[in-house]
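Single chain ahead, written as C-alpha cells, the form predicted alone.
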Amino acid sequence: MSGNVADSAISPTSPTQTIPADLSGQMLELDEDDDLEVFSKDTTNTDGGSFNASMQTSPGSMINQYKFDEEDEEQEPGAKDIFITVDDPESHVTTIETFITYRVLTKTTRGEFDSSEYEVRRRYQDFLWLRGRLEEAHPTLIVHPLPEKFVMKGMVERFNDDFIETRRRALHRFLDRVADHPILSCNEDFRVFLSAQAWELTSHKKQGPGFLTRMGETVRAVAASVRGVKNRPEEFNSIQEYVEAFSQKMTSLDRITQRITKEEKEYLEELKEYAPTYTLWSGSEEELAEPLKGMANSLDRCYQETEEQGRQLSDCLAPALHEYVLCSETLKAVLRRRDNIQAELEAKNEALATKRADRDAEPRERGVVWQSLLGKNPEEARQLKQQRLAGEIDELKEEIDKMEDRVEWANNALKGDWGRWQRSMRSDLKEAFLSTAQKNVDYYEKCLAVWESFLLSMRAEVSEVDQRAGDS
C-alpha cells in the first residue's frame, strides 16, 4: 500500500488534531472502591500503564477546567448519505441456544448500494463479526466498541427488557459511528452487513481469511509485541500517555456512577413504602389526617421525580461513561497494532543489516577448509553465497519499501482518526454531563416546589384553625 493512498484517504494531522499537553491532568483523581458493582468486561487487551502523580485532583477539574474548543464541536461538512436504525428486538429459542435478533433498517443514497432502503435482522454475533472485519481491514483506525457479550453483575435475567434495550441502543450507536466514518463506512463488509439476507451473510463470512492465515498473523503480532518498538515517534508516546490517564479516570467515573445508580435504586425501594405508611397513619389520627395525607402526597411526588432522575443516570450518563471505558481499551489495541507494524519494519531493517554484513565480510578460513573437505571450490562457493545474499538483500529491500509505506499509512490513519475521535468524545461527554446537570437541577427544583407547596398549605390550615379558635 503506497503513501499516496494514505494521503488521499486521510489528510495529515492538522493543528486542531494535536494533543493538549496538559489534558490528561485535567481529570478527576478518584479512589476506586473494591466493592463497586461494575459491568463485566470481555476484553483480552489489558495493558497496564503508569500514572502521573502530578495530575490535578480538583473535584471540579474535569467539568470546570476541561476545554471544549468550538472548533472541535463543529460537525464535518457535507450531507449525511446513510441512515441506520436498530430496533424491534426479537427473541429466538432453539434446542441449542437462545438469542436475540435486531432489525437493522438502512436508508442511503450511495451508489454502491443496489437499493435505497434495506431491512435485515442481525444478532450480536453478526455485529461482532463486522467489527472484527473492520479492524482487520483498517488496523490503525479507531473502530467504535460494541457492548460486552456478558451482562452486568447482579443481573438475574440475561434477556430482560432493560438488558435488551441497553444493548439495542449500544448496537445502534456502533452502526451509527461506522456510518459516519469517512473510511469505515465504505468498507465492503459493512455494505454486506447492511444489505445481505441471512443466508447471503453466512456465505460471505466463509470468504474471510482461513484459519492458518489468521494464525500466522497472530504469531507475527505476538512476535512483534515481544520484540517491542525501539523508536516510536514522540507524538504516539503522547497519545499512549493520554490514553492511560483517560482510561483510569473513565474507569473510576464509571464505577462510581454504577455505585450511585445501585444506591439510588435501593433508596427508591424504601421511598416507595414511605407514602403508603403516612396514608395508613392518617386513618388512625383524625386530628392529623390532613397533614399526614399531605406528607404522603408530597413523598409520592418526590418518589416519581427521584425515579426520573435515576433513569437519567442509568440511561444517559452511565452508558456514555462505560462506552468510553471500552473505547480506551480499543485505543490501546490500536496503538499496539501500530507498534507491531513498526516493529516488523525494524526487524526487517535489522535483518537487512545482517545480510549486508555477511555479504561484505571476508570468508573465514574455517569455511574455506570446510569447502575443501567437501571437494568444492572455495571461490566458487563464495560466489554462490554472494549471489544468494544479493538476492535476499534485494528481496528484503522490496519488503522494506512496502513496510515503510504501510507504516506511513498506519501513522497517518491513526493521527487523522485520533483527532476525529477526540472531537466525538468531547461532544458525547459534554452532552452527557450537561444533560445530567440539568436533570439534577430540575429534580431538586421540583422536589423543593413540592415541599414548599406542602408548607404553604399547612400554614394556611393553621391560620384557619387559629382564626376559628379566635372567633369562638
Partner chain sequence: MADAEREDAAETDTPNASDTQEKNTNITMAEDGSTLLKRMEITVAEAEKRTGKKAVNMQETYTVYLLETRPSAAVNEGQSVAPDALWRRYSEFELLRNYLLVTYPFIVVPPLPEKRAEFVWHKLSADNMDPDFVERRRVGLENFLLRVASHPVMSSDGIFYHFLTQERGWKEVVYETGFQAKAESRLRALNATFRVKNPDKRFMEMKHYSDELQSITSQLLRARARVADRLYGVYKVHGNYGRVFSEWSAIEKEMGDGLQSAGHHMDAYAASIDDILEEEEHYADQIKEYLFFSEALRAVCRKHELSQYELETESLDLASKKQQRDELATGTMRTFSFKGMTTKLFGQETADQREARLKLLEEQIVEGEETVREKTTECEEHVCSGWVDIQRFKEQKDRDLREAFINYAFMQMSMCRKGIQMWTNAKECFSKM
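Everything quoted here is computed from the prediction, not taken from an experiment. Note that the rigid core is defined as the largest set of C-alphas that superpose within 1.5 Å between two forms. Numbering follows the first chain given and starts at 1.
Keep in mind the form predicted together with the partner chain is missing from the figure; the text below concerns it.
Using a 4.5 angstroms heavy atom cutoff to the partner chain in the predicted bound form, none of F236, D394 and L396 count as contacting. This chain appears without its partner; in the predicted bound form, the one residue of D87, E285, E136, D161 with a heavy atom within 4.5 Å of the partner chain is E285. With the partner omitted from this view, the residue of E264, D126, E344, E148 that lies near the partner chain in the predicted bound form is E264 [heavy atom within 4.5 Å]. By the criterion of a heavy atom within 4.5 Å, R426 is counted among the residues contacting the partner chain in the predicted bound form. Proximity of Q387 to the partner chain in the predicted bound form falls outside the 4.5 Å heavy atom cutoff.
Interface residue remark: T257 is counted as part of the site for the partner chain in the predicted bound form, having a heavy atom within 4.5 Å.
Put simply, N349 is far from the partner chain in the predicted bound form: not one heavy atom of it is within 4.5 Å. With the partner chain omitted here, the record of contacts in the predicted bound form names 293-301 of 330-338, 293-301, 166-174, 396-404, defined by a heavy atom within 4.5 Å. Scanning 432-451 for heavy atoms within 4.5 Å of the partner chain in the predicted bound form gives F433, L434, A437, Q438, N440, V441, Y444, E445, C447, L448, W451 in sequence order.
Comparing the forms between the shown form and the other one, the C-alpha position of E273 differs by 2 angstroms or more, with the core used for superposition.
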